[in-house]
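Here are two versions of the same chain, shown separately as structure tokens and labelled structure 1 and structure 2.
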Structure 1
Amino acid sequence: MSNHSPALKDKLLFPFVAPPNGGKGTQTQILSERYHLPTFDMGSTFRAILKEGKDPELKAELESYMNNGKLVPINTVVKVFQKGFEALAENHPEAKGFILDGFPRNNEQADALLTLCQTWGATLSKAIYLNVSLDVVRTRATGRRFCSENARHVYNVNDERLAPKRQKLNESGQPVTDAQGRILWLCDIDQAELIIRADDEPQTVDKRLLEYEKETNPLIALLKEKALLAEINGEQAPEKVTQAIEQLIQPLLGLTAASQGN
């Protein structure tokens, strides 16, 4: 692995920090496309390693942590991050900067990133923190339902805007429930049964949020101390969150509101 990546010289890095189901994926996708900021997604990178299985030892190590909702150790994380991120930068030499999704997640990772930035000649411009209460993200997660035939059809029974319209009924016309007494729903599009993923089960959600608090609260404090944190109210409507982030990053990218995305 190279210790120096010319492709990252003078680039701006924008890490995103948010709790699980805090809206990070939605915002990073919009901003990446609108401002031509390629996104390095740590979660997707891990999943690719798990799916491809090119490194059985690393795959087994990642599975032992991710399947239990735990964070991956620092040495493994940095190794995966540096290799994958340098490759992304080399593929996008025209980009002014990059969005980091899922890195850093704690103080050790932040220190590693700052060290790498010095090596690369890159700048950690601002870490964008979507502040969403744990009660809100818990409600979002436990209400999420996926179509069993097409996972792109996603609903949320705890949000009127995203709720499915049809319950699954038995022969007597009564709602069918699962083993926990939760009503089963059908996809609005193809009428397939909606399912709850393991990550969205209440006990798993609570475990992930406890891990998040333990790791991320010190990170937020560290980034704030170093004047690298930009806090955004993540409980606003998604378009309002986007606008708030745009007001922050446009000047950093040398853009005005009139020239955004150009």
Structure 2
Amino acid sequence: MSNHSPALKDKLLFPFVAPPNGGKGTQTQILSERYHLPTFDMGSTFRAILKEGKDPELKAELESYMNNGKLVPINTVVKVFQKGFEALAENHPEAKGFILDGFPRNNEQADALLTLCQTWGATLSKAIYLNVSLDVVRTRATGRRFCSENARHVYNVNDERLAPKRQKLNESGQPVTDAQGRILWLCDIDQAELIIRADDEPQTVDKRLLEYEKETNPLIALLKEKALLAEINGEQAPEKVTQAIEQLIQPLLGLTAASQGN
């Protein structure tokens, strides 16, 4: 933590907190584009390291936690966060601020982030907390399907607004199922088979939710106590969630509703 990164001086950081499948990914993508706020996503950064496979020791460490729905230990998280986030900031000198998706996730990560912000001269906004009940996120998670050709094509078989249209059929025209008896679906856009991410398998979802209750609930309680939490009902329609977040961040970015996105 000793190196000073001038790229983050006077930048605004917006940390997002939500349970797994709480809608963070959807919201941060919309806001990032609309307000030119590049996003640092901790989970995706870890997945990219696993895919690259350049550092076998780090890969093995990450896998042992991620495959069990556990949080990666603090030293590794902070090291990966600082390196990746400073690089992102250096690549976007024009940005007024940045979105943090999935960091911090517990009290010790929040302490580390505060210390880093002091070193950088960056300003931390209130954490944007999408409050979604664990029953709702469990249903969302177990219904989520990704296109095997393009992971940006995401569906949800438990939500009729987001459900794919076509099932995979066998030669006799019957729906094909996986080993657990779940129907296989096809992407509406490129007809590739839809897959279930390992993280969304029911056993992993339950482990991740337990870990969330153990690690992140205390962070939410602490931030609330210190008035550093902006709580948003994450069970509303996605557009309403976006509007609620916009009301919060526009004044911080020096924007009024009329000048939004300009």
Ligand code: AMP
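Please read these numbers as outputs of a predicted model, since none were measured by experiment. Please note that residue numbering is based on structure 1, beginning with 1 at the start of its sequence. Basically, rigid core = biggest C-alpha set you can superpose within 1.5 Å across the two forms.
Undergrad: Looking at both, which one would you say is the form predicted together with adenosine monophosphate?
TA: Form predicted together with adenosine monophosphate: structure 2.
Undergrad: Rounded to the nearest whole degree, what rotation separates the positions of the smaller rigid part between structures 1 and 2?
TA: So the smaller rigid part is rotated by 14 degrees.
Undergrad: How much does the C-alpha of residue 191 move between structures 1 and 2, in Å, when the core is lined up?
TA: That residue's C-alpha is offset by 6.7 Å.
Undergrad: Can you give the CA shift of residue 201 between structures 1 and 2, in Å, with the two forms fit on their core?
TA: Its C-alpha moves by 2.9 Å once the cores are overlaid.
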